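Just one chain follows, in the form predicted alone, and it is written as structure tokens.
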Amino acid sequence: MRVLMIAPPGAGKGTQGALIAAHFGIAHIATGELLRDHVARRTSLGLAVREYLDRGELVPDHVVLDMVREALVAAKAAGGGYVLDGIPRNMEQARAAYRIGRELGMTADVAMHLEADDAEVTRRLLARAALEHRSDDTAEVIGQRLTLYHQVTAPIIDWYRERGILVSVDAMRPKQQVGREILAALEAMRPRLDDETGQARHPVDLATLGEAFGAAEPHPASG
């Protein structure tokens, strides 16, 4: 299973991506963690990346894509499955990631879209910043990141929908509930994803099926 995580910052894509990876026994490729590791170790790449993160700007595509290619090669050697978290964030990255996937025989089966509104993700990111003392999660930078998301990331959702691999889920609920819904959906889709006959695929909107998964329960959102 090969999954892309698409979500605004703070919607829980890291948490849910790790859950998917652990459940299916596949690699979790989190570009943000890789970049922050370089920053923490003060490598030459890390020093350059730090300036972009502190301003709430996107790291240059070529830097991230080189890391992704290397990670996909490793994932292929380990069995072929992955969860890619942190890219693509714009159409150029989406097309580049698709070209890399085609080249390696590792194109995504699912683009998992976590839906959450700006007020909720801002609350989550500020809470995380207080706990982790992250310089890239100030209120001003969060606002810049959300603006960038709406301008350059959201349009790729339509592209994945047209390709028939989009799965949308309501991420405004407790993370455990969201996780259960995602895993149930992916398990149900698994036979079709493993089918090599080339059958046409169709997007799935779980956000409209929330009541069937207990979404009506009055829990505060988290994660």
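These figures come from a predicted structure and were not determined experimentally. Numbering starts at 1 and runs along the sequence shown.
The following text describes the form predicted together with ligand AMP, which does not appear among the structures shown.
Contact with ligand AMP in the predicted complex, defined as a heavy atom within 4.5 Å, is made by all three of T31, Y52 and V59. Of the residues I165, L35, M172, I26, just one reaches ligand AMP in the predicted complex with a heavy atom at 4.5 Å or closer; this is L35. Of the candidates K76, R95, R123, R134, R134 is the one whose heavy atoms come within 4.5 Å of ligand AMP in the predicted complex; the others do not. Of the heavy atoms in G101, none are within 4.5 Å of ligand AMP in the predicted complex.
None of the heavy atoms of A111 is located within 4.5 Å of ligand AMP in the predicted complex. Contact annotation for A185: none of its heavy atoms lies within 4.5 Å of ligand AMP in the predicted complex. Contact annotation for I156: none of its heavy atoms lies within 4.5 Å of ligand AMP in the predicted complex. Scanning 73-101 for heavy atoms within 4.5 Å of ligand AMP in the predicted complex gives G86, I87, R89, Q93 in sequence order.
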